[in-house]
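First, one chain by itself: the form predicted on its own, in structure tokens.
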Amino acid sequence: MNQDYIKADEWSIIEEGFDLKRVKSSESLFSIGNGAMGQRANFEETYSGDTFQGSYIAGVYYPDKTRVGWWKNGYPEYFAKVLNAPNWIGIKVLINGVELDLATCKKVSAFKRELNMKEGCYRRSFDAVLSNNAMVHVDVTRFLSLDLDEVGAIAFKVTVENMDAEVSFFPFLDSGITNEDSNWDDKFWNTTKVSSSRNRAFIEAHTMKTNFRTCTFMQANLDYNGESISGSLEEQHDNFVSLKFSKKAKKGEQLSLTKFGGYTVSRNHPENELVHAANEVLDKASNFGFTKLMEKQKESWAKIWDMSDIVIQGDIKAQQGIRFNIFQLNQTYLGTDSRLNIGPKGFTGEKYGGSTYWDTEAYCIPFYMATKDEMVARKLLKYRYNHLEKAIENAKKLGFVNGAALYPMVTMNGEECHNEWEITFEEIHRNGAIAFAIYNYYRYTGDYSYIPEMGLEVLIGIARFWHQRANFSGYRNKFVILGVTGPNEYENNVNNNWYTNYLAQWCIHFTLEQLSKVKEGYQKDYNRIIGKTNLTPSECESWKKVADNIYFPFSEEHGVYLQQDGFLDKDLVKVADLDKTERPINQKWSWDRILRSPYIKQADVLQGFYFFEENFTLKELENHFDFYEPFTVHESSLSPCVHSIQAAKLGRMEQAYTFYLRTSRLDLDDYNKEVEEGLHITSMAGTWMSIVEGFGGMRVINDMLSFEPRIPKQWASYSFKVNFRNRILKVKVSQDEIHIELKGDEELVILINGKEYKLALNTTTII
């Protein structure tokens, strides 16, 4: 049974009632971020119950040494860990000397959390009876500023309802923190200096090995009936500093502590000026004040929502789901820094190392291309170009030569840091996703300049890898690719995974096409690239020979491409015939049993049909969907969205709707029973795709934007905006009509259900 305690609401995530057993899940669901930092929704006050503490700084990581039972040549030396950063949110609270702790209170009532996605803030309130019988009401508001992205703000308000009481606040900073996820329990942080000045405090620390220098800072102010209460230094030692604000409050009167905090980092400032930079940003925050900074937060989120919102009429749970996904994507990455990327857990947990996966290219780039300026997506592509030399080094470690590039499965700095051999060595399809993203970016934006400037070098490195990774089979008289893991990670070390082989063929052909195009139209860039890569015509001919003669496993009996050699040797029992108590199989079965089963973790062959649907007929899609989906357990967050898009294309709207709900509410309803570890950020872009590409049917066909809209029967209407080549289109689909409005500098011809329509500026076209 899925969790169901989150209240349905169009704009907010709401929890009512305090339950010790769901604290860690809620810490994930109510996480906040601003692209530069983020944090789980841990309580500010002391909490002695079970909790997963987590504050994270974008781009700051630790190279945790790989831990494996048997070392193999080519293993990465380390697994990059996203780091639990020094804690700045803490506020210890005493009421007549007794500590406020929801785990030990006599009674907790009227507990409510709300993540207001429209405004970008997190609120919490409750009533509690302490062991000394003091009855307190607490209201807390917290947000991470988009305008001052090094600053977070907290308003912590306490009212003692039944007596006069001495209320003491101890806002603190703590760098004595640990990671939940650690291979060797190494010390990740070294604190170098703790200091304070009046109502401000600072902890200077750096990461071990990577030597990221940080200053964690805070400023606190206490207000009582309009009077500002002075604080003092309470405690200061090796990795901790706290201030004290205390006031005897009359029964029923409120005390309000405001705390600004955050991080300055050597990635953005000279390392000897971090405290100075912290003081400067605290000055700015102070000049705004909590209320004004909160108003600016609302304004900034309003601008984001104006472009990225999807409005669904008639289905609150579906509406809440898509907004939650869009909100978390924007909290994680805003495109302001090309050194950053989109980790699969974002700022909500530590699993997966918090690094960059192929998810960015396959799922996230379409969302950022369409909801922001195209330069945001270009920065994500530039990120890979900047790591090309590392990708060549990664391939060289595995025995590849001549500039062949293998992009990492997991990375922070371009170097592979995933230490499971079946992933590191074998899940090489990630290379193809990066090449596809280059194609997809050009296809959608019309901006070809990336390819001669940067992309072609990436494509050459990838084509060289595929050429060397394939080998000629005399038995088949074809080129084969052996020993791989496809997107379906419930199959390891297989031969001729269809998706991998198809990507290899496509990548080579696409690279050869771009070489001709750049040679013809960008001679200077072409000469530079040929000189840099030493590419020769004979090498290109050798690539083409591989691509033209690659082997694809196919079943004449079933009329489908086989996921890999030997797939039909399996006991083909469909998922519907599995005992429900056996699910999810990744938690109930041994790995040996999973590997021998026909069960598919996520879209594999169907991932290829999603990427390259124009190369296959609708009947071919239908055949493959009907063959593979019944064996798919969807135990990857990346699976339901692809199936929703394809089900919609096939006109199977009930199935498409079911898959959409699963992808949009994957975390809210905790389908995979793991939300306490963090959210599935990158798959959230797939939720957006499920509506825009699935129900909306958005494609680029023959260089024209095209829509084939469909609508689930559960919805009265849905609408979304896309930025297509600097024109903004608003598409609204109801049960009876399609409305399309165009804004920009020039008219646009688009396709609707295969028919051309010329859209006039600032006019709504009704179809």
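Keep in mind it's a predicted model, so treat the numbers as computed, not measured. In case it trips you up, residue 1 is the first one in the sequence shown, and so on.
Heads up, the form predicted together with a further copy of the same chain isn't pictured, but that's what we're talking about next.
* Asked: Which one of these stretches, 442-450, 613-621, 560-568, 538-546, sits within 4.5 Å of a further copy of the same chain in the predicted complex when only heavy atoms are counted?
  -> Checking each option against the 4.5 Å cut-off leaves 560-568.
* Flag this candidate site as yes only if K517, H739 and I750 all have a heavy atom within 4.5 Å of a further copy of the same chain in the predicted complex; otherwise mark no. => No, because K517, H739 and I750 lack any heavy atom that approaches a further copy of the same chain to within 4.5 Å in the predicted complex.
* Asked: Considering S590, N272, S131, N386, which brings a non-hydrogen atom within 4.5 Å of a further copy of the same chain in the predicted complex?
  -> Checking each option against a further copy of the same chain in the predicted complex, the one that comes within 4.5 Å is S590.
* Exactly one of D174, D186, E420, E677 has a non-hydrogen atom within 4.5 Å of a further copy of the same chain in the predicted complex; which residue is it? -> Among D174, D186, E420, E677, a heavy atom within 4.5 Å of a further copy of the same chain in the predicted complex occurs only for E420.
* Indicate whether N496 is a 4.5 Å heavy atom neighbour of a further copy of the same chain in the predicted complex. => N496: yes, in contact with a further copy of the same chain in the predicted complex.
* Although a further copy of the same chain is absent from this view, report whether H206 comes within 4.5 Å of it in the predicted complex, heavy atoms only. => No, H206 sits far enough from a further copy of the same chain in the predicted complex that none of its heavy atoms falls within 4.5 Å.
* To do: Evaluate F472 for contact with a further copy of the same chain in the predicted complex, applying a 4.5 angstroms cut-off between non-hydrogen atoms, and reply yes or no.
  => Flag for F472 set to yes.
* To do: Flag K247 as yes or no: does it have a non-hydrogen atom within 4.5 angstroms of any non-hydrogen atom of a further copy of the same chain in the predicted complex?
  => Judged by the heavy-atom cut-off of 4.5 Å, K247 is well away from a further copy of the same chain in the predicted complex.
* Asked: Does anything in 506-526 come within 4.5 Å of a further copy of the same chain in the predicted complex by heavy atoms, and if so which residues, in order?
  -> Residues within 4.5 Å: none in this stretch.
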